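Here we start with a single chain on its own, the form predicted alone, put down as structure tokens.
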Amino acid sequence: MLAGKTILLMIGGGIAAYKSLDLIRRLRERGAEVVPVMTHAAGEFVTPLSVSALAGRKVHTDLFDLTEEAEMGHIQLSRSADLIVVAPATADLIGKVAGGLANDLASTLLMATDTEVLMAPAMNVRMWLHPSVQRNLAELRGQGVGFVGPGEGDMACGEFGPGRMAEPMEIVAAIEARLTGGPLRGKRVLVTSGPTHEPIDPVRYIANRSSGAQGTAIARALVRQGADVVFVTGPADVAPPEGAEVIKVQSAVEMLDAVRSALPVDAAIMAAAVADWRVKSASGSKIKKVAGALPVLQFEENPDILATVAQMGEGRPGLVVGFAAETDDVVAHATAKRSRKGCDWIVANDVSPETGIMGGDENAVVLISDSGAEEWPRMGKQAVADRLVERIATTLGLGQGG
């Protein structure tokens, strides 16, 4: 799918730089030409010789290469590629570009280019969550820079959390989505998925039976159609989609924070099964069982994420799609929900136990919009996602939400 495409690959100075070696190999397997650029810090983690051998060409490292600069080499480099990929994109490199700094070859190329940029961030969890880094990310998103990852997991520093660079095949999927076009190319779409877990104490929580399969299928279909997808997911049973920017959360409050940080977007597909309530004062230690005495839990309402996005006024996504899982009077309840929340569409389904839909592989939905209720036949969840995304692509192409 990448035959004849040229990727300018910038390798930043982080431990995840070793993944860039496999990324080069995967890209070349698919017919892409890889032009490598390394920061001086990257050379502390992988050698230019290794990168050059895998790419089959010279590695560019120096802004002041007299031979190349005689012909404005760094300007030519920045504009001759089909896509610029930064992997790993360190906090330092992200900060330089967001701040308009250009004091080495990589940052100068990123400042001098008019080519699309895709970044794969990688850093310590505390760095990733730092307000200055999040501010820089928001600035770059506003400039049209795309992101893939980071993922969540164990890190070389011994900590756990978001900040791991996306795996090479995830980056390849994001590259293919951007370079192969599609009706949603250039559109940024938010997808929420999975259940939320609302803590009772450190070992117990309130949840639901959502597997996250439908939301993941929707995100996967959006990526295939060229969209820049931000995927906010609760603790789901299925793996997140490749090629999307994945943000993992636990509770409804965390999901709302993640959704707000992802804005602005062209469309928001709110497929998550968010818990309606949470325990008002979750215990900081395990609640012990006492014979003859039952614990008393006091609840409070969770934030209404769908209504928050649908009714936000300025900056509202052009299309907001909600989901309604019902067990009776599906169309009536979903129609009322659409009106109450203020979203453009509601995708409703019957999740009664006998349907096998909640947590299953198939779905049977009714799409409710200004045009009324449109019943779809029962089909696999990926087929539902593909059909919904086709409708989304048509609607966004027309520039309308209803």
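Quick note: we count residues from 1 along the sequence shown, nothing fancier. All values reported here derive from a predicted model rather than from experimental measurement.
The next section is about a form of this same protein that is not shown, the form predicted together with cytidine-5'-monophosphate.
Participant: Can you pick the one in 84, 272, 310, 172 that has a heavy atom within 4.5 Å of cytidine-5'-monophosphate in the predicted complex?
Facilitator: Only one listed residue qualifies here, and that residue is 272.
Participant: Could you tell me which one of 266, 304, 92, 139 places a heavy atom within 4.5 Å of cytidine-5'-monophosphate in the predicted complex?
Facilitator: Result of the distance check: 304.
Participant: Out of 219-227, 243-251, 183-191, 272-280, where are the residues with a heavy atom within 4.5 Å of cytidine-5'-monophosphate in the predicted complex?
Facilitator: After filtering at 4.5 Å, what remains is 272-280.
Participant: In the predicted complex, does each of 323, 337 and 341 have a heavy atom within 4.5 Å of cytidine-5'-monophosphate?
Facilitator: Looking in the predicted complex, the three residues 323, 337 and 341 all sit within 4.5 Å of cytidine-5'-monophosphate (heavy atoms).
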